[in-house]
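A single chain comes next, written as structure tokens; it is the form predicted alone.
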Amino acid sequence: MKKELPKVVIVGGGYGGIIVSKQLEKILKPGEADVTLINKHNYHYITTQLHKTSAGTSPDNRVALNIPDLLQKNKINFVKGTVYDIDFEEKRVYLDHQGALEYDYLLIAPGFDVNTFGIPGVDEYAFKIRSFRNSKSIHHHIIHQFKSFKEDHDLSRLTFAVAGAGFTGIEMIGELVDAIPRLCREFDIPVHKTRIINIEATDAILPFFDKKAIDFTKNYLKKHDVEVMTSTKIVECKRDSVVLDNGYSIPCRTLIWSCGVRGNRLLEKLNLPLVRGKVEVDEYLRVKGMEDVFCIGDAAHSLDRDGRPHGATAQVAIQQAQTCGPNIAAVLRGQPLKPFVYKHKGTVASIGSRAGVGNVFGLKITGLFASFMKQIVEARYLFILGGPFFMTKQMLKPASNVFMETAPTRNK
């Protein structure tokens, strides 16, 4: 009688889930385990480039990658589906309309949800950079505003506000700086009729960056007529305006929300140890109290050697995956696990296609060189995914918009 293989189920096709899948492809021998990756969509998107999709400054196929094309079909099974529950006693993962999958070992890596802090109107009227689908809807909405302005001349359509001046917010602002003048030329609308506004609740932009990077960013945004409002809180988002805590209301039909993330809401449905909405994990990235369940990425509350939680960044998720993959293989083989040790390699933020700021291996960089380094970082991820041939093929691939799945445009 043929022996049944141990089942490994991976929930989530983001950075963590994809890299663990690729790790297991390399490590496991044929017939050693039955590995299945579950993801809501059949594509994996590069989260750190979603701001480009939102502004329409990058083609779809440079940001979204077809998951079946990334995996070796004889080693990793792919299931397109949405996980709505997990039974840890019966060891079953339940999918919408698709029954359940049994597992012996499980990886939970469903990514993040956007934190709206309960501000009225944000869920209804603001746009969130949370997925490829949402980012495409932002781009379509912006195009719609330009087209509609030609008919009704409503200036609120040409005001584009970004909430949050952290990493994602500043990158989104940078893409708008590049995209808006191009759209003005396309629709024959004077640029001076448009507004780009960055609204930040604290008194600073780009926290965790040094003064040189912050000063460069401020000067760059000022040079491109971006209105930066710090120490300003949004108290309500309406269909055609944004209400601030100073009593001022900005006529605006496009508010892009980038004010922080939280653990995926799926986690709240599961009987797991949570800290601030994230799953507590041990030094080996196993869920605390469980020998057969791992958790990484934005869903995991993991601590560094000083007891501080790791940030919700792509860099952390990728490094966790590079530890978690071998650890899952080690569990299968009855071998000792290795603890996760994060090694920070620097941070680079782009401000459009021609500028950026960062700190790479202790070197503080700004301007065009920083923008180039950002591209190097993205190329490195493609290298991790598929090696030098895949990286080169992906970077040289003709630009196309093939992933047309979009969210409804609510705020017209």
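A residue's number is simply how far along the shown sequence it sits, counting from 1. Computed from a predicted structure; not experimentally measured.
Below, we refer to the form predicted in complex with ligand NAD, which is not included among the displayed structures.
Residues placing heavy atoms within 4.5 Å of ligand NAD in the predicted bound form fall in a single listed stretch, namely 340-348, out of 55-63, 363-371, 27-35, 340-348. When you look in the predicted bound form, the only residue of 258, 137, 323, 145 with a non-hydrogen atom within 4.5 Å of ligand NAD is 258. Taking 284, 125, 167, 149 one by one, only a single residue has any non-hydrogen atom within 4.5 Å of ligand NAD in the predicted bound form, and it is 167.
By the criterion of a heavy atom within 4.5 Å, residue 224 is excluded from the residues contacting ligand NAD in the predicted bound form.
Not displayed here, ligand NAD is approached by residue 199 to within 4.5 Å at the level of heavy atoms in the predicted bound form. Interface residue remark: residue 234 is counted as part of the site for ligand NAD in the predicted bound form, having a heavy atom within 4.5 Å. Remark: residue 117 counts among the residues lining ligand NAD in the predicted bound form, judged by a heavy atom distance of 4.5 Å or less. Applying a 4.5 Å heavy atom cutoff to ligand NAD in the predicted bound form picks out 312, 313 from 298-326, in order along the sequence.
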